[in-house]
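Take a look at this single chain, the form predicted alone, given in structure tokens.
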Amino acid sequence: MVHPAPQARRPEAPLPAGPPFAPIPITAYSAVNALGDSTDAVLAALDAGRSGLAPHGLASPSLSLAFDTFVGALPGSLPPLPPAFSAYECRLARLGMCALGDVRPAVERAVGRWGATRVALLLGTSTGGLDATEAAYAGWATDGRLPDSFSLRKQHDFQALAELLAAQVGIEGPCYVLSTACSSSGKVHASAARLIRAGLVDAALVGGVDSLCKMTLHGFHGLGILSPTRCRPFGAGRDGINIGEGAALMLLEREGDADVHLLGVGESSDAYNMSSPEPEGRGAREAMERALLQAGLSPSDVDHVNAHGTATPQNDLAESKAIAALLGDRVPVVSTKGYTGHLLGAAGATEAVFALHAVRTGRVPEALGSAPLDPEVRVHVPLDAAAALARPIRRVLSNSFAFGGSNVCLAIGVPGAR
């Protein structure tokens, strides 16, 4: 028997406010992805409206695929791990170490300030070190044995990356990895906020890392939602996603010198369908409502939305309905998937960095790939590069939605009244 998909429940009563949320300073951040191998390079490419997406054979020659697609591969080569940590060697670990470089001094200062056991490390990923496991399997298929260098525990296992990064900077507090598909590295911000608010830690290094691998690309191709061209979030005739790789980190501290803060986090779980979004975007809207409620903000306080915007027909339409129902059509809405591709477990953290950058610069990213706009999308997507330039931006919502209806929204910006 085929059962109809359940309808997501919309509460009739107002959402409970919960205890007051003190804004949490974001004292350091980093991002590496298809736009560059340093935070400065990534943000410069974002400001220039330059896409990092390229045909898979050019972007990542080791990815031999029987179908066409564009991917967001980190440019150039990544240095190997330090010899003492060679057991963790895989592309995921190299991406994480690359992102760690830009925040390492700030994290080490935080460890010195608060104490090693009072700093947490929380990461999100979707595939872990699967690229290393794929290579090991290829060796087994050829030689009948796994390579001596392969360690399931230290290369494939999700927790291995957290152990590696914690050891690099001396973190001895709570250390774990979440995997809720594409909402993973958005949700770690909520986990970190709870640890800080509960008095269990004074600081947390949060973020997400995912690397390109064949299983992910074949999986999305099997679902029929992998585009053979550059993705077109919210665009007419959009036909699917591009997969990317990257890493992004943020340092959250109970107190610190920061001009941008984590103002609130909203989470929901509508469990509508294993892979499809709820058509009216009810779970997405509830996550945004909860983020605003926790931040003590009203819809009129929002200046920009960094949308999840995967460029699939269903996702973008459902998200646009959710945004329009909550915020109307006045707020600039941009998906940055046209720059980096969908970074899966690293998407939430990466787009949180982009949201922070929008606040610091007053610059909404150009909506790459969105023109011509789907006429059914009833939100304001700035198609002209000039329309995306300087404007007052104090509060941004950054959305990340995942399979199974796991939704998270981060409210990032300047605390206090306008």
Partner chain sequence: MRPAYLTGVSLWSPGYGDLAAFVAGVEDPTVIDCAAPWVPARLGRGSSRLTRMLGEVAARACEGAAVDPKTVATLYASSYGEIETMVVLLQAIFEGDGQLSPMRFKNSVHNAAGGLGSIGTGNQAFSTALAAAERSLEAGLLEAMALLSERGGEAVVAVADDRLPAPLSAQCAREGLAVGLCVQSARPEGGALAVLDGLRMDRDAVPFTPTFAGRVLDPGRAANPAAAALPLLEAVRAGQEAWVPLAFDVPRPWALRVRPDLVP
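Positions refer to the first chain, counted from 1. Owing to the predicted nature of the structure, the values given are computational and were not obtained by experimental measurement.
What comes next is about the form predicted together with the partner chain, which is not displayed.
Next item on the list: Examine P174 and determine whether its closest non-hydrogen atom to the partner chain in the predicted complex is within 4.5 angstroms.
Entry: P174 belongs to the contact set for the partner chain.
Item checked: Contact test in the predicted complex: R330 vs the partner chain, heavy atoms, 4.5 Å -> Contact check for R330: no, nothing within 4.5 Å of the partner chain in the predicted complex.
Next item on the list: Evaluate P279 for contact with the partner chain in the predicted complex, applying a 4.5 angstroms cut-off between non-hydrogen atoms, and reply yes or no.
Entry: So P279 does not count as contacting the partner chain.
Next item on the list: Verify the contact flag for D202: yes if a non-hydrogen atom of it lies within 4.5 Å of a non-hydrogen atom of the partner chain in the predicted complex, no if not.
Entry: Judged by the heavy-atom cut-off of 4.5 Å, D202 is well away from the partner chain in the predicted complex.
Margin query: Counting only non-hydrogen atoms and a 4.5 Å threshold, tell me whether L130, G219 and G404 all contact the partner chain in the predicted complex.
Written below: Verified in the predicted complex; spot residues all in contact, yes.
Checklist line | Region of this chain that lies against the partner chain in the predicted complex, out of 137 to 145, 227 to 235, 318 to 326, 305 to 313 [heavy atom, 4.5 Å] | finding: So the stretch in question is 137 to 145.
Check: Considering the partner chain in the predicted complex, which of A271, L78, A87, L297 comes within 4.5 Å of it through any heavy atom?
Finding: By the 4.5 Å criterion, the partner-contacting residue is A271.
Margin query: Can you pick out, from L293, M97, L195, A106, the residue that has a heavy atom within 4.5 Å of the partner chain in the predicted complex?
Written below: Looking at L293, M97, L195, A106 one by one, just L195 meets the 4.5 Å heavy-atom criterion.
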